[in-house]
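Two separate entries follow, structure 1 and structure 2, each one form of the same protein chain as structure tokens.
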Structure 1
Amino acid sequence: MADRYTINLDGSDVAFADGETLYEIAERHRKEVPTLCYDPRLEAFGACRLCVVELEGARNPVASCTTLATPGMTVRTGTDKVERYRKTLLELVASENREIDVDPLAGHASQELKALVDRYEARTGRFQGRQSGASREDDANPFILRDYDLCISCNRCVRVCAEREGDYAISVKGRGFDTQITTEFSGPLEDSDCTFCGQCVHTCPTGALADRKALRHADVPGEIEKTRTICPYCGVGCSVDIMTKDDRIVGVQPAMDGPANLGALCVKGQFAYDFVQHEERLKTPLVRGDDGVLRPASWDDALDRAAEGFRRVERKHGPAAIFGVASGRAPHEAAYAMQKLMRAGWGLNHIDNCSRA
């Protein structure tokens, strides 16, 4: 029985589950098989052919991402032959692209091509020729840069839009070397079914689709730091990484392992973050003066005024005259402290939040 579910992977017998592909098994055993068109959230596509492995009995190497394991297979993932093919493929890819080195702010997966080209030392300059793709500089939307000069037609954007988002806003047009990612009738994204969720941007392995908003900060010096948190908008609770450079928020990326969203985000969570460091933020307490005007005050003065006001109301009208409204937008600690203030302070349950609105 055991034999039914094992294959020989680089000389070792390894178990696999029904429906697993050779790539998934290799990945589990840390074989570092290279890929460009693969995204674990998407159906395997089999376009880049970098993941080819040698399969005993097969005339040609097989694409491991689309090959289901069957018992008794003998697979070699890193022979000289497949490594040579991989290098040639990467040289070919490098030859059709205007630029390999893109800013990491471009997107979550934007460094994949660069990393592989470097790993295989594929910047040889061989196979020079025409470059594919045409940048859509006319698409002036503020969020998604469509620099198809860098596109390698891996179709990850098209597939994530269809398979994960269910929006089907983008597709592929033309064929062969003239293959191009497109919207309906080649218009700008704004005129398509695009919802600007940014998923295409973050699965793009070359930065051809890039986070235009984040790239405004490309010239800000400093390393990018990521902080894992939860999106501040609706109740779905998507995990995000806030990207910061030198205490400046420069972008948001979806957390691919976020339990509630599995890498998905919407336009708000993806792009509407700059309220945080907005110039109109309240930076000091304000206290209304005798003339009726709100003026900046110190924390001590403001807190004293806040407390004193409640003391006055309680004296004059009793504890039942005081009411607290907690926020559905602030963390637990805010709501907990607020309800405790009402209950421990005045012995009443005069506390509510906006959940019923």
Structure 2
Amino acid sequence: MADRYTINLDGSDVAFADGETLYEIAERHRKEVPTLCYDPRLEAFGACRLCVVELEGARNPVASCTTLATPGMTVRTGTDKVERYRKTLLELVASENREIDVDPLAGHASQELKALVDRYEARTGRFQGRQSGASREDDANPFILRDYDLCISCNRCVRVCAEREGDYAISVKGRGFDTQITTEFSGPLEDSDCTFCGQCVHTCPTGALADRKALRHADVPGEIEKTRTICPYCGVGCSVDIMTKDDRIVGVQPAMDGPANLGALCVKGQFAYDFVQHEERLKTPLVRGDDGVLRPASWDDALDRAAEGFRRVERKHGPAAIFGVASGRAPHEAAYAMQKLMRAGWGLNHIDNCSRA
């Protein structure tokens, strides 16, 4: 009974739970098993074959992401034979792509292929020939770059759109070198069921689907820094990573470990950040004069004018006539102060947000 819920993994007996795959067990025990088609949020697909491991009694290496553990298995994750397989597969994948080195602003997972090719020293160039994929330079949507010359047919984008979003906006057509990620009737994304959530972008391991807005800042000097925060646009509380270079926001990426969203965002949380540094953003309070013209004023003058306006409404109509609408573009501290003003200041629950998702 000792091996009832154990397998031998690289010489050690380890426990597992019913339904666990060899990849999940290996990952839990910090084994370096590479993969390009795997996303823990999706059903395992087994397309890239990089996660193959040696299974005692099996004729050939097996894909660890789709192989369920059974008691008594003996598994080897990093033998010389398996590592040679992986390097050859990466050489083949690299030979199909126009480029391997893409900007990190392309997306959360965009560096995965580059990292593996470098790890296995697979830039050998010994496999040359036809390349797959046909980019959609004609798709002029402002958010998602469809650079399918970099596609490796891992299908992560298609699966995340279907399994996580339920949109089924993109699919796969063709076989072999003619395999292509597409929409219905091969049209632009704006004519499909795409909601521009960006999930396809951030699961793509090669930059074939990329954040077009962020890449516009690729030439901005400086190192990319990430700051974890919460999206302000609604009450869900999605975790995001703000991408900055010096003091400039250059992109937003979803937090894959965010407890409320697990890598999901809506179009506003993903792409609506230009207002922060917009050239027309107000930098000083404006107060309307008797002639109806807005003029710059001090904060004291502006706050006094606003306070008098509230008092005037309260005197004439009572506090129930006051209603607050907060902005999703304001920081959380401002949202807190706004609801405190309504609830503690006037004892009202007349407070809402203008940017429901």
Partner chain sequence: MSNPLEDMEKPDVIFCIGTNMTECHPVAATRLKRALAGGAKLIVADPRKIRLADISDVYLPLRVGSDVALLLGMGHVIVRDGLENTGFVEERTTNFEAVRDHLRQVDMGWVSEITGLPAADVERAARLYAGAERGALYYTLGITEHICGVDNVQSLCNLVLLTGHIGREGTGINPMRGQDNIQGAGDCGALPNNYAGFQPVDDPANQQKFKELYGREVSLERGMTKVTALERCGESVFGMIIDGENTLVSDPDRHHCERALKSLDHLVVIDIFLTETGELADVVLPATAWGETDGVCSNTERRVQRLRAAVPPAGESKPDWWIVSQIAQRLNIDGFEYESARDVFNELCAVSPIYNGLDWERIAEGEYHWPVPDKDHAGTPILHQGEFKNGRGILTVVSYRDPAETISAEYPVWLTTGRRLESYHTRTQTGRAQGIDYLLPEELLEIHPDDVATYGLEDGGWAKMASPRGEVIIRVRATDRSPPGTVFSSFAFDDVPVNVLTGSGYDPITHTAEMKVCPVRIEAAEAP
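Note that the structure is a prediction, hence the values are computed from the model and not measured. Start at 1 and count along the sequence of structure 1; that gives the residue numbers used here. If you superpose the two forms and keep the largest set of C-alpha atoms that fall within 1.5 Å, you have the rigid core.
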{"property": "Answer for which single form is the form predicted together with its partner chain", "result": "1"}
{"property": "Rigid-part membership shared by Arg41 and Ala208 between structures 1 and 2", "result": "yes"}
{"property": "Degrees turned by the smaller rigid part between structures 1 and 2", "result": "24"}
{"property": "Angstrom displacement of the CA atom of Pro331 between structures 1 and 2, core fixed", "result": "5.9"}
{"property": "Backbone CA shift between structures 1 and 2, Arg343, after core fitting (angstrom)", "result": "9.9"}
